[in-house]
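Take a look at this single chain, the form predicted on its own, given in structure tokens.
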């Protein structure tokens, strides 16, 4: 990518898209093409085709997606598979037809089998059953990876894909019903502290292990790979280390200053027992995450706190 290239960041108001925009602007890319959902509905093929015909971006970061935690995936499975299939299909196909130089597609680590060997290498994909609580979303993302690879093989389209681990950071979704575990816990514990509550309920046993990557690290990796990676294989992006949900909740309680009890409700679903990515391929290319979980949670809480008061 050159500084004068036109770069379209799909989903620029979301967690990942906003981080990519911040990174590109910091690096001096000032020809960014951005559209809100009200300006461009990516679920509408006619609107997507018209946008690419008019704007002709050189590079595309496809970060737009319908995302959510266990509750949202269980409650709205049809929305997750429909919206994500429509968004990625329209954007990838239109980018190819418009002559886009290169596209990066954001997958997800949830596409790996529920019982995949840990840490999960890229070869684990499609080797076993998926976690039932997010199967529709995962299947849509798998279809996106295969579409990028198929367009590369048939048309020579320069599409690459990444599979990030669990993300968090500024502009995350903190809604208690639709958010992922880290922002959900952060908000719940913040509100418990503000209310002087004696305890906080945490879904599940607290035993599952999760890996968490600050979204600014992901954005850094995406720009790095857009400039340096041309492989067909979708690459894992993570930190290579994980914590239990109990450890995460305790860390958040310490950051927030909550001194009450954490009560784990084992009647609620745990989800996948463990999700740790093997990031050796990414390390071999010369990229590593830099933001520690402690610092990242503290910075994210400060961002959230300023907007919650």
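Positions refer to the first chain, counted from 1. Everything numeric in this text was worked out from a predicted model, so none of it was measured.
The next section is about a form of this same protein that is not shown, the form predicted in complex with a small molecule.
Site residues 170, 252 and 296 are none of them in contact with the small molecule in the predicted bound form, judged by any heavy atom within 4.5 Å. With the partner removed from view, the residue among 90, 152, 190, 210 that has a non-hydrogen atom within 4.5 Å of the small molecule in the predicted bound form turns out to be 210. Only one of the listed residues (104, 235, 140, 110) places a non-hydrogen atom within 4.5 angstroms of the small molecule in the predicted bound form, and that residue is 110.
The stretch among 252-260, 27-35, 43-51, 270-278 whose residues place heavy atoms within 4.5 Å of the small molecule in the predicted bound form is 270-278. Of the heavy atoms in residue 77, none are within 4.5 Å of the small molecule in the predicted bound form.
Within 4.5 Å of any heavy atom of the small molecule in the predicted bound form lies no heavy atom of residue 114.
Taking the partner from the other structure, the small molecule in the predicted bound form has a heavy atom within 4.5 Å of a heavy atom of residue 180. With a 4.5 Å cutoff on heavy atoms, residue 282 does not count as touching the small molecule in the predicted bound form; it lies far away.
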